[in-house]
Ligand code: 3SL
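One chain follows as structure tokens, the form predicted alone.
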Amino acid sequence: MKLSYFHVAEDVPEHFVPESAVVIDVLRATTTIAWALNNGAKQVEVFEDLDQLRKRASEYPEMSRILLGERGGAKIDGFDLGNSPLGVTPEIVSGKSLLMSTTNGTRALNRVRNVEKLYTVALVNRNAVAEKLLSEKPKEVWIVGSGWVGSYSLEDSFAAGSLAARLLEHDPDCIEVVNDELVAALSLWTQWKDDREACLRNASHGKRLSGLGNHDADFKCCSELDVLQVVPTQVKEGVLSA
């Protein structure tokens, strides 16, 4: 299994499609998606464009869907929820379709939407995604970070390193780390794995969230490791299910 890591959607090659791709947005979209599906959400539809999201929302009975999203880390006016994994409780999301748009994560998902097998990963479901990939044995896997408005993010690279490290632990003879970006991500994981929350807080986006208010609970939740068995999977373009 060849593993490559791309810091942001814009770095992803345009003229090749691998068998599998995994999108990361630890703070906080892919953590929120994992918890939402774990807590009984029917599906999560992701949108880059807010007008498309609102048009799609009009096709649902109001009681069957939830609008979820943020811009710049803050909840979008008129939406039901922001982008916190703490908000997607079973009481709120069970049986509902979530329509989601975020600053970075949904853009990364859109960039690799044509990959045959597309998943999302965060620290909370790292092992579950690793086991999924090992069971399927794709020849090539792209790990795609979401970054921040097209630029590098520390926390996504850290999580990419955590996934690669777990795959190497499971089956070192069958894993090939292809690019320097993933080598660097593995080093980040080695440096911060015993203080994951500190890594998230030291990241520029972590500092941005702290500047918006008290997000201590979000930092704690997003830094938890291997606590969920859910593997968010694209079941049709732009739609993720457990």
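These figures come from a predicted structure and were not determined experimentally. Note that residue numbering follows the sequence shown and begins at 1.
Below, we turn to the form predicted together with the named molecule, even though it does not appear here.
Can you pick out, from Leu27, Val46, Ala185, Ala34, the residue that has a heavy atom within 4.5 Å of the named molecule in the predicted bound form?
For this set of options, the contacting one is Leu27.
Using heavy atoms only and a 4.5 Å cut-off, determine which of Thr103, Asn110, Ser97, Asn127 is in contact with the named molecule in the predicted bound form.
Spelling it out, the residue with a heavy atom inside the cut-off is Thr103.
Please name which of the stretches 68 to 76, 137 to 145, 168 to 176, 112 to 120 has residues with heavy atoms lying within 4.5 Å of the named molecule in the predicted bound form.
Within 4.5 Å of the partner lies stretch 68 to 76.
Although the named molecule is absent from this view, report whether Arg196 comes within 4.5 Å of it in the predicted bound form, heavy atoms only.
The answer is no: Arg196 has no heavy atom within 4.5 Å of the named molecule.
Is Leu200 close to the named molecule in the predicted bound form, meaning a heavy atom pair under 4.5 Å apart or at it?
Leu200: no, not in contact with the named molecule in the predicted bound form.
Applying a 4.5 Å heavy atom distance criterion, does Leu209 contact the named molecule in the predicted bound form?
Yes.
With the cut-off set at 4.5 Å between non-hydrogen atoms, does Asn83 touch the named molecule in the predicted bound form?
Close contact exists here: in the predicted bound form, Asn83 approaches the named molecule to within 4.5 Å, heavy atoms only.
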